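Starting off, we have a lone chain in the form predicted alone, written out as C-alpha cells.
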Amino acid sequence: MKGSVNFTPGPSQLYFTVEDHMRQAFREGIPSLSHRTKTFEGISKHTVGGIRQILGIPDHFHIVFTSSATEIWERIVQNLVEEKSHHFVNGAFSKRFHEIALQLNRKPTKTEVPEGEGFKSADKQQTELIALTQNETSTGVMLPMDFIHSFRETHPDSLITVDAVSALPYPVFDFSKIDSLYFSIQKGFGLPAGLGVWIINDACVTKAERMQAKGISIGSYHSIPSLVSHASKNQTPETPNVLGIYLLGKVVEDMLRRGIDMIRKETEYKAAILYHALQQHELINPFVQDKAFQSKTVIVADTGTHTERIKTFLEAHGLSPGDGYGKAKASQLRFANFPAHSKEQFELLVDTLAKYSG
C-alpha cells in the first residue's frame, strides 16, 4: 500500500497535508494534551468553526464528537427513538443501522430495495425518525438531494437523520430539511480513523431531554444533553481523540483555502471520467446502472471473474482499489473519489483501466 494511491473507500487516501500537520502536532505536544485545557478548547472551537463553514451549517445546529459514525447509529436510537424508527435500506450500512435499532429493543420498520438501486418515492410512514443513507458505501448508490429533502414535507412530525459518512464534504444539504447529519473522518476528510462528527439541531436536543424526563435511558456520558452541554464550552464529556480533532481542523482549513466549490467541481469531473471509462470498457461495467443514483464519491465497478486480475494489474501501476463489499468481494471493485484524490490520479486510473484487456 505504501507509495500507492489508496482508492479504498475508507480508511482511504490521506489528504496531502496530513503528514505535515502530524509533525506540527507532535512539536506542539497535541497527542498528550489534556482535554481540560484552554488550548484544547481553542482547538475544538477552531475545528467546529471550520466544519460549520465548509458545510454551511446554521448556528442553531450543534456539532459534537464521538468515537465513530458507528457509535452515532447507537446514540441516535438511544436518544431520539422511544419506540419506532423507519429505515431506508439499500445496502450493508443502511441495513446495519436498522439492525442496531432492533438490538436496542426498538421496533424499527424499513423500506428495502435490491442492492444497486435507489428509492422511487418517499412513502408515508408513522414514525418518530426517518433514517437515510445519502451514500451507501457498500454499493455506490447515492440518494438524490431532492429525495432526502422531500421528507420534511411528507413527514413533518418525524426527525430526519442522514448518514453522509462517505459523501461529505461533496453534497450540499438544506439544513432546514434535516435534523441530524453525521460522518467520520477517514473517508472524505482524508484522515486516520477514530473520530465521528455528529451534527444535530434543537429538535433532537428537545426529543432527547423529553425521553430523559420520562425516565427512559438515553445513554450516559455520550447522551445528547451531555454532548451538547460540553460542546457549548468547546469541551467533550470524556477524553476524546484530541489529535483527530486537531488534524480535522487543520485539513478543513486547507480545504477552505482550496475552495469547497472547486472541490465539488473536481469531484464531479473525476466521477464523470471514471463512469465513462467503465461504460466504455468491454469487460467492466458500473454496478449502479441508473445515473440518477450513481454515487459521485464511491464508484463501484462490476468486474466479474476479472476482479483479482484487474486488482493486481492496477496495483502493479501504483493504484490500489477497494474490494467489493460482502458477497460482492469477488465480483466488484470500489473506487473512492474524495478530495484527497487528485484529478491526475483519476486520469491515471482511467488510462490504466483502459489498458486492461484480460
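Just count from 1 along the sequence shown to find any residue number. Being a predicted model, the structure only gives us computed values, none of them experimental.
The discussion below concerns the form predicted together with a further copy of the same chain, not included here.
key: Check all three, Asn105, Pro192 and Gly219, heavy atom within 4.5 Å of a further copy of the same chain in the predicted bound form   = Yes, the whole candidate spot contacts a further copy of the same chain.
Out of 273-281, 237-245, 151-159, 201-209, where are the residues with a heavy atom within 4.5 Å of a further copy of the same chain in the predicted bound form? Checking each option against the 4.5 Å cut-off leaves 237-245.
With a further copy of the same chain left out of view, choose which of Pro31, Gly318, Gly304, Pro58 has a non-hydrogen atom within 4.5 angstroms of it in the predicted bound form. Contact residue from the list: Pro31.
query: Is Arg75 a contact residue for a further copy of the same chain in the predicted bound form, using a 4.5 Å heavy atom cut-off?
result: Residue-level check for Arg75: yes, a contact with a further copy of the same chain.
**Message:** Contact with a further copy of the same chain in the predicted bound form for Glu344, defined as at least one heavy atom pair within 4.5 Å: yes or no?
**Reply:** No, no contact at 4.5 Å.
| task | Please check if His35 has a heavy atom lying within 4.5 Å of any heavy atom of a further copy of the same chain in the predicted bound form. | result | So His35 counts as contacting a further copy of the same chain.
Margin query: Considering non-hydrogen atoms and a 4.5 Å limit, does a further copy of the same chain approach Asn337 in the predicted bound form?
Written below: So Asn337 does not count as contacting a further copy of the same chain.
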